[in-house]
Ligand SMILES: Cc1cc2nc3c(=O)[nH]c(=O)nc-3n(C[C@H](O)[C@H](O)[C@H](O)COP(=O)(O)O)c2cc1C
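Form predicted alone, single chain, as structure tokens, below.
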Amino acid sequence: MKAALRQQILNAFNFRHACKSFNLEKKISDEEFSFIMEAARLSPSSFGFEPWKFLVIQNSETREELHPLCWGAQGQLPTASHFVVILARRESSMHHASDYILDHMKNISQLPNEVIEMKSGFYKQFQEEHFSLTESPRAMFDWSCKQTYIALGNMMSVAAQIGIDSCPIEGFDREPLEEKMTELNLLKRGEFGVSCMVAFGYRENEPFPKTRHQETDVIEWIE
């Protein structure tokens, strides 16, 4: 049973590829896409603070507005069944002294006061000393962005396991894109920034065979 499950998962990883355009005639069901988004929502994050938001862009006019600013999504934006812009929280909400962090510990994690005090101290030390995240707003934002990629990977992996194609996208001009999204009331720039995007749907064409380094080239055992 375990061997069959392992093979099923590896088959999904071999199935997955960066799909450049999708079959317009095939749409992902609400049930299946909810499953993909639940994998995103349940993804792990540093300290469990969930520094993300997922915008599912289904409105065709909105997609057209974003299209010129997303050079890496020229084929995906018009054809994807579902298109997600993943936002990462900025310093204003991820700083150890922010209202967001305190609210998360109190009302989301529902921690007792003594645990909140202890965790706050660890988080402050982590940000200021261990990772130097308070040195600049960009350092904090980049740290948040790194965590969104955990959710991104989980979304694509579970999609592949149910036969749904995807494509991760970093090809966009962040500054004008965020300006446009602010104009469209999709983004609060002081709170969030665009981390990455991901398109989902069903492939039009079969991909080239997958190529990767050999196991011995990328995995080293230290015993």
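Numbers for residues come from their place in the sequence shown, where the first is 1. Everything quoted here is computed from the prediction, not taken from an experiment.
The following text describes the form predicted in complex with this ligand, which does not appear among the structures shown.
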| query | finding |
| --- | --- |
| Proximity to this ligand in the predicted complex (heavy atom, within 4.5 Å), stretch among 85-93, 69-77, 128-136, 106-114 | 69-77 |
| Non-hydrogen atom contact residue 171 with this ligand in the predicted complex at 4.5 angstroms | yes |
| Interface membership of residue 18, this ligand in the predicted complex, 4.5 Å heavy atom rule | yes |
| Any non-hydrogen atom of residue 122 within 4.5 angstroms of this ligand in the predicted complex | no |
| 4.5 angstroms heavy atom contact with this ligand in the predicted complex for residue 213 | no |
| Interface residue in the predicted complex among 194, 181, 167, 164, criterion: non-hydrogen atom within 4.5 angstroms of this ligand | 167 |
